[in-house]
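Below sits a lone chain in structure tokens, taken as the form predicted alone.
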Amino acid sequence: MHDETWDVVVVGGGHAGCEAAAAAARCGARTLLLTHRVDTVGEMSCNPAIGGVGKGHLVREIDALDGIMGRAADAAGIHFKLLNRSKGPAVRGPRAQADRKLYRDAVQSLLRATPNLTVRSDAVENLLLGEGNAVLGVETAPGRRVAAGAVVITTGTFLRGEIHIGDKRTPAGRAGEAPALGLAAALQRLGLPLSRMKTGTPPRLDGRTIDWAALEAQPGDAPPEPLSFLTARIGNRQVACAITATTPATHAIIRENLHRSAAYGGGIEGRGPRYCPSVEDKVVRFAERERHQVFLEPEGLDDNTVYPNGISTSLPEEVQARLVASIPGLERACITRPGYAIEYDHVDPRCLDPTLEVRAAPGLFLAGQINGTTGYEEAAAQGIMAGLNAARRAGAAAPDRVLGRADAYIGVLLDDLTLQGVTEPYRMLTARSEFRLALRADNAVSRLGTRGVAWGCVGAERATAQGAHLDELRILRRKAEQSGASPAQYVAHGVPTNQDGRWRSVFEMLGLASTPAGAVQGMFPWLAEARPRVMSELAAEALYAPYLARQAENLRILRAEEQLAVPASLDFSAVPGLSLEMRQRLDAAKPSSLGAASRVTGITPAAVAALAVHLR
């Protein structure tokens, strides 16, 4: 007996849950989002920013699939910056600092406007199971049994979450909210591999008590560059941030009290994020450094709270006060909320298929920090893919919604998680992709737009806008490849060119760093008529064209390996030539293809060759 039935139930209203619920609903699935508190849906639990290097790439990809993160960030953005602007287009990362309240309101507004989606306040305490541990729905705290064709769990830091400040421990999923204990027990009963991880947050400061005049101001870009393809312009008033740094006095305070830190005093067993360490970790790991940068980020237009990015800590409150006062510009700063570390359960993501479905529990999908990642963007990327696949499972039979490493950073993320697992909270970096010249933030629509339409997750407005962009880019590139001039003609228009008599296309000239864009547009007025984002993408394609041509062979090999499927039922002990260690590693990872097998940690080329022979 069930009290109600839905196609998809999503548990958790964080970034992963919001994207999962919206994606499933966009695909036509009747979707129910269950969360402890409806008013905190879309809450930015840690830093008030979306995007960055690697992370901004994920946001653009989510947006190309009609996700909500980019649109919400644009609606709430109060400080935009394109990071790595002086470097090549492949590693430039769009970032937006948001007004927390505006971001939460924007997410909730977008969810309310999504057909087929209902959001409700309820704590999920248990999973409803059928034959073979197939997940058939959930049971909520009031004892209601909710049936579903698929369930997506996106609990963030709530699974047996515990906040640490010095030697004080408080059960919580985040400050002021209860942890998810019943659901953690349900996952444990399923036999899923659980372990502990930790993350942290800095103390919040009252901006009115900061000496802003003594600090270096950090203005945003003018004009600000939106994160979403659908955003024409940013409407919010923009604010400046500021930069300061820790001092030797700061480091002395930390060293003197290191034994009182929850992370160093033995109170925490979970591993923290390498690429977003606590200030205690920085002082210990980089003992030779006398200063570490601290970015002061306002949290809202009508909010005096400031987020001091760079001093995440779990030291006692009185030590935090001394630590903050030792930093230039913060001598009289008042702490409005202390920093803390939070420890929580996560599931080893190697128990998941690339669709994010749990192999041992058909119908159950996991997304976000529950899979061992850190960051809003990584969570949202998993959420959108889990939501798409949950809708597929709950509906008519259809191919899995999967992105490969050569398709998107989302594909890199899911491949890394499900094959390699995690030993620390996973963060996306552009260096994780072997195809990063092709996987740029500027060309996410070109890479994923048509796929999103085919998957049924892109609405009519976006499909029309993205289709027009692709058409214009295709026409412009063809014209740029067919049009050109002699060296003498280029030089006559102020475009430096080797005088070798060789005709050069416009496309080739755009790929040269020495080519003044304005001079080329003066020679070929039709270039100036192109929309800026189309022109920018064309220039990036021209710049990387020689390298992309060489990379094509590596891509061909990868795709050939990915097409050689490894049956889920394959007994690796029956593969001749595999050592016991290789069999154990492959059996734990359950790779779906030869290419995936080659990326399993510790698998040797000889083992890949033996597996290839057996499969063929």
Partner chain sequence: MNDTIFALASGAGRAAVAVVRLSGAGTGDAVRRLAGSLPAPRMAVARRLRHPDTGETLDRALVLWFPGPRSYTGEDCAELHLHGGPAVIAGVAEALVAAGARPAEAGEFTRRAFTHGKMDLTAAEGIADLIAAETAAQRRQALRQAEGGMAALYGGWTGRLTGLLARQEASIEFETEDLPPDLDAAVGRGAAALRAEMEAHLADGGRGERLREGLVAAILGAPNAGKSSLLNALVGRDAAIVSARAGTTRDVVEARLDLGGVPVTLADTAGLREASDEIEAEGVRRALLRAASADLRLLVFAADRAPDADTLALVAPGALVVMNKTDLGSAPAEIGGVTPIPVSVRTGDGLAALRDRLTAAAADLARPETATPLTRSRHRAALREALACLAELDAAGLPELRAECLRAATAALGRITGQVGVEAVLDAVFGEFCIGK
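Quick caveat, the model's predicted, so the values are computed rather than measured. Positions refer to the first chain, counted from 1.
Just so you know, the form predicted in complex with the partner chain exists too; it's not on screen, but the next bit is about it.
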property	result
The single option of V53, M44, A589, V41 touching the partner chain in the predicted bound form, heavy atom within 4.5 Å	V53
Option touching the partner chain, based on a heavy atom within 4.5 Å in the predicted bound form, out of A406, L473, I234, C276	C276
One stretch from 380-388, 107-115, 433-441, 71-79 that, in the predicted bound form, holds residues within 4.5 Å of the partner chain by heavy atom	433-441
Interface membership of K87, the partner chain in the predicted bound form, 4.5 Å heavy atom rule	yes
Contact label in the predicted bound form: N309 to the partner chain, heavy atom within 4.5 Å	yes
Contact of R559 with the partner chain in the predicted bound form (heavy atom, 4.5 Å)	no
Contact test in the predicted bound form: T464 vs the partner chain, heavy atoms, 4.5 Å	no
Partner contacts for 273-293, taking the partner chain in the predicted bound form and a 4.5 Å heavy atom cut-off	R274, Y275, C276, P277, K282, R285, F286, R289, R291, H292, Q293
